[in-house]
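Shown here is one chain on its own, the form predicted on its own, set out as structure tokens.
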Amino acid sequence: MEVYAPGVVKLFGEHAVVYGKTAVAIAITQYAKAEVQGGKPGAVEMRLLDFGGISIALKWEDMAKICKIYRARKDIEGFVESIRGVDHRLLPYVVIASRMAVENGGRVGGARIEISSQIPVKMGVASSAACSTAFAVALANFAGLKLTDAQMIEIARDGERIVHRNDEAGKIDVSGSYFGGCVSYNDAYGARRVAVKSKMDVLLVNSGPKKPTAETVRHVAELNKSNGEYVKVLLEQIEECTRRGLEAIESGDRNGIGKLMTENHKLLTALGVSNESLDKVVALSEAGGAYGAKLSGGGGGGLAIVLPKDDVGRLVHMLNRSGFDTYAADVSEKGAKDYVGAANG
């Protein structure tokens, strides 16, 4: 049995979502895959095909011990450093499997799961979130677990918490990969599908090397400690931008969506999570007649997302000529949720 989970790009609200604000994202037609089949009785085996096939097999007692340590953690950083004998690239899946096993009476044993992905890593397309989401759904299906959407998203987020070493990670990325289409997230109401009234296909532009998301998230946290009032004002402005952006999406106002994307980017620049290359992509996109553009995800490099007008070829040529790899991305209406409850086999 295979489960596919799409990559995700953020239209509005990244970084602000960590502080309880709203974020909006779209899923794109690049996928992570988790393939599950029967394995060793009483154990869960995990294999990462994109990292040379590194693997681990955990018995019930292993998972119970890890889950106990995870639940008692004081912080994610300390938990990660406390786990010995587990490759940290496997740890997100180890935690998901361990928590799922303990909370469901050990019913996840006998599974062998291989994880792979066609989503670019460290680019701001939620590659790790898609892998965690596909893995969680595949394991739950294998075990016949009946989890709600909120429960599935919450347990898949454990993978993102480990990857980014932040308890608030994965809110919009996992939600977008789970539901597919266009999704908004807010702590008050959780994740919601957003009705899209206009074409939302976008251009993705590689601005160059990207800082780890954990680093840019930490930068905002440190800025918040040293200059909380400044950050508070920016986060409130991003929230207003997101609110108006949602209205534009739901009314089909592509011009409004684009302008608000660019406005959101400028606020993220003021927050210190953009860089010269990302700013250049946004400026070139504006000059090339796009509706708007912004960084996507953690920032500090990686992908920018551009909402183009009809003359896409001209804009792509201009960005490519300036040294930026550019490609079109279609919206994936299908998310990992579409595989929930899939038959075993």
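When you see a residue number, it is the position in the sequence shown, counting from 1. The model shown is predicted, which means the values in this text are computed figures rather than measured ones.
Another form, the form predicted in complex with a small molecule, is not on view; read the next lines as being about it.
Picking from 295-303, 59-67, 313-321, 31-39 the stretch near the small molecule in the model of the complex, with a 4.5 Å limit on heavy atoms, gives 295-303. Residue contact with the small molecule in the model of the complex: residue 170 places a heavy atom within 4.5 Å of it. Proximity of residue 213 to the small molecule in the model of the complex: non-hydrogen atoms within 4.5 Å are present.
Remark: residue 17 counts among the residues lining the small molecule in the model of the complex, judged by a heavy atom distance of 4.5 Å or less. When contacts are judged by a 4.5 Å heavy atom cut-off, residue 143 does not count as touching the small molecule in the model of the complex. Proximity to the small molecule in the model of the complex, defined as a heavy atom within 4.5 Å, holds among 217, 248, 139, 235 only for 217.
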